[in-house]
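Here you get one chain, nothing else, as structure tokens; it is the form predicted alone.
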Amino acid sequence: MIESALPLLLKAALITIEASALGAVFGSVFGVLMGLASCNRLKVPGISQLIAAYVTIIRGTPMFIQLLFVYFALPEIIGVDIAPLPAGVIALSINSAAYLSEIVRGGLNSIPSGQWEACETLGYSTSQALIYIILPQALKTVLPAITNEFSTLIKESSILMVIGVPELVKTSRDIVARELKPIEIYALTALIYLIMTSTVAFFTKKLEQKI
């Protein structure tokens, strides 16, 4: 039974990885931009308040509601239907972006102001200071928190089952409903999740050591 279930679970795991990876990529892009725009040194009046409101709303509401809004309400607003997997990726992205923006903002704010002043004294532009001096130091500080967020994203992707995405949990439930072997299937599913999150932690640890 395990032999027949494993290929199905691995196929579902690939969908989980795809949704999580895309959510992490888009979440990182927007999270970094929002973190930069809301940090103390680069704060943009008006924009930083909007970002703060966005972060408060996303962090203060369940991801389940966010997913339902994207899948059911957003198509009504824009007039275009959204397939389950893209809707799931959007929900993961907007959720991850809010948390990552706070991580980036906190990392940038942890850099002493003297670092910025030294860059100005040496003639660095703001972008040069960010790329060569500030961000490398901030990255080392926030890397553990980013790792935790990516691992959490992989686990939270299981919520996509409610809109019909055939990810790992939905597939395992379908197999259990057919085979009536919950212990073996759910244990195998948990092991696959553990492998995925441990892999993320392993490579991030290597990156942290290199930095």
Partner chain sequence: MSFITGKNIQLSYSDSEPPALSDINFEIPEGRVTLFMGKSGSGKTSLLRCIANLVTNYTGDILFHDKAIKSLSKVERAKSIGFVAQHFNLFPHLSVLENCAQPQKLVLKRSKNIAEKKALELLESLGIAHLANKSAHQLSGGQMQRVAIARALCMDAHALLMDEPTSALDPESTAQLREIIKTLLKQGVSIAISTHDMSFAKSIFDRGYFLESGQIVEDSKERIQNYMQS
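Numbering follows the first chain given and starts at 1. Values in this document were obtained by computation on a predicted structure and should not be read as measured data.
Same protein, other form: the form predicted together with its partner chain, not shown, and the subject of what follows.
Within 4.5 Å, heavy atoms only, which of 106, 86, 75, 136 is in contact with its partner chain in the predicted bound form?
Looking at the other structure, the residue within range turns out to be 136.
Residue 79: heavy atom within 4.5 Å of its partner chain in the predicted bound form?
Residue-level check for residue 79: no, no contact with its partner chain.
Residue 94, heavy atom within 4.5 angstroms of its partner chain in the predicted bound form
Close contact is absent here: in the predicted bound form, residue 94 is far from its partner chain, nothing within 4.5 Å, heavy atoms only.
State yes or no: in the predicted bound form, is some non-hydrogen atom of residue 124 no more than 4.5 angstroms from a non-hydrogen atom of its partner chain?
Yes, contact at 4.5 Å.
Residue 98, heavy atom within 4.5 angstroms of its partner chain in the predicted bound form:
Contact check for residue 98: no, nothing within 4.5 Å of its partner chain in the predicted bound form.
What residues, if any, in 102-128 have a non-hydrogen atom within 4.5 angstroms of its partner chain in the predicted bound form?
Heavy-atom contacts within 4.5 Å come from 114, 115, 117, 118, 119, 120, 121, 122, 123, 124, 125, 126, 128.
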